[in-house]
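Before any questions on how it binds or moves, here is one chain, the form predicted alone, in structure tokens.
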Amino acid sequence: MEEANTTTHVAIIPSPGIGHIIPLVEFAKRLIDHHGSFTVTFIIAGDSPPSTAHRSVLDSLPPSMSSVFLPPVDLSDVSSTAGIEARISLTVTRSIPSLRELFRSLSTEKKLPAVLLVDLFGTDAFDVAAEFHVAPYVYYTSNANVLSLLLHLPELDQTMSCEYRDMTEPVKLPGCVPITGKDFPDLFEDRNDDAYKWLLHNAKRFKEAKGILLNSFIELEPNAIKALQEPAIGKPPVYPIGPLVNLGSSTNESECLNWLDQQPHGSVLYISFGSGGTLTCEQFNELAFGLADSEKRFIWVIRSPSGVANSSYFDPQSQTDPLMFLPPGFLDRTKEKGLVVPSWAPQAQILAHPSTGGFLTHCGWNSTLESIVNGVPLIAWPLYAEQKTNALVLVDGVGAAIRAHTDEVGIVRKEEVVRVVKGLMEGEDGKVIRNKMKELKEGVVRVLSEDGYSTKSLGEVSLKWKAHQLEIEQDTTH
């Protein structure tokens, strides 16, 4: 009877940034909806008061979830050229005294969480978890291949003397796609950079976790996941619980969806580089010319080009109307077949629409999973972060994408755009990829079913968390 009445309290610390909160909110919803008797507190660290976007996400949480904002930390001594990863890690680290204070007051009120869940840059919070006998866990938002690379990073760092990009042989990790230096995530590029040092610091602390929850699934990466689950000293158990995606609401009326309703089944290529990917002016033009030359139907979500190739969402975006940057005559030439949407589109609904037949993507993991859930085949066009590694996994490991190749100066030329667009939408390669995506979509239904692999994985973790909550309660009553 005692167990039935016990509610397990989980604290979640997302890394600073709205993109880190959303996947963790999706996780918390699934945990509560499917495994019952949980409450979740989001603990938000930052170097400034929370943004409107932060507030709106956290204000819309259901009653079983709450949020606490830690006092902003001072980063005025951090160089303006420091990478965002260094700033994120420092924000979490400098918030530790406030976190300790919060846990102390929760402990006094008998409201201490049983579990502390952090993402990639939050492992310094494990110090506070250890002090209060709270079980530390990591929620890893990317895939098993990249997680494996991270878990092997301390060893790679000791055994490799050169920069990873200069390696003559690919790195072959158990169950994973061989990774050449050029396809390593951006954070690995400069081993003297603070961002890399923070990545290495966090990777070393992963072994302190009681478990790692992974937003991937067994049918997508069977070999990499099985290898991660092999018991080894110093390696926490890995629980594949994905795909966790925000499917959006289907009630939104939008120009995109109305336009899609008028198009033939599976005929439209959706093009988006995520919430922050931008192209240079030269690359923007090559993509536009290539789309026009391909003569295929498309929806293109455009942002103003940046001066920097592969700029990420941490760079200030131009406020200029992005339509001004399109080549002269482009809109007239493509008006029968194309729809250009400035800045934002309802991606989840577009990918779920029957007229959508392909997705040209930057290979962000959330976008990738949204595509797989809907069975939409991919053109891989990675820009930054771990997207090159994701693209490698999707093309060579999974067979779910065609890769757009750059020339010697790093530009995807219009002829290459035509090749990949036609190849995906009408070629033999496209048919093979489409069939693979159909299999993966069916695999998603299986792993998320009541007795599916991902459901069982999360069930296993939730039982451990409930058992730990009972231990804590028994300790405090004796």
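Residue numbers run from 1 along the displayed sequence. Predicted model only: the values in this text are computed from it and were never measured. The term rigid core refers to the most C-alpha atoms you can superpose between the two forms while keeping them within 1.5 Å.
Another form exists, predicted together with ligand UDP; not displayed. Remarks below refer to it.
Here the marked residues G19, Y270 and W344 all reach ligand UDP in the model of the complex, each with a heavy atom within 4.5 angstroms. Scanning F289, Y164, W365, Y137 against ligand UDP in the model of the complex with a 4.5 Å heavy atom cut-off leaves one residue, W365. Residue in contact with ligand UDP in the model of the complex (any heavy atom within 4.5 Å), chosen from F298, F103, Y384, F284: Y384.
Shown alone here, D194 lies farther than 4.5 Å from ligand UDP in the model of the complex, counting heavy atoms only.
Among residues of the shown chain, P185 is not one whose heavy atoms approach ligand UDP to within 4.5 Å in the model of the complex.
Not displayed here, ligand UDP is approached by S275 to within 4.5 Å at the level of heavy atoms in the model of the complex.
Interface membership of E85, defined by any non-hydrogen atom within 4.5 Å of ligand UDP in the model of the complex, is ruled out. Proximity to ligand UDP in the model of the complex, taken as heavy atoms within 4.5 Å, picks out 384-392 from the listed stretches 171-179, 148-156, 92-100, 384-392. With the core held fixed, the Cα of I411 is displaced between the shown form and the other one by less than 2 Å. After superposition on the rigid core, the Cα atom of V432 is displaced by less than 2 Å between the shown form and the other one.
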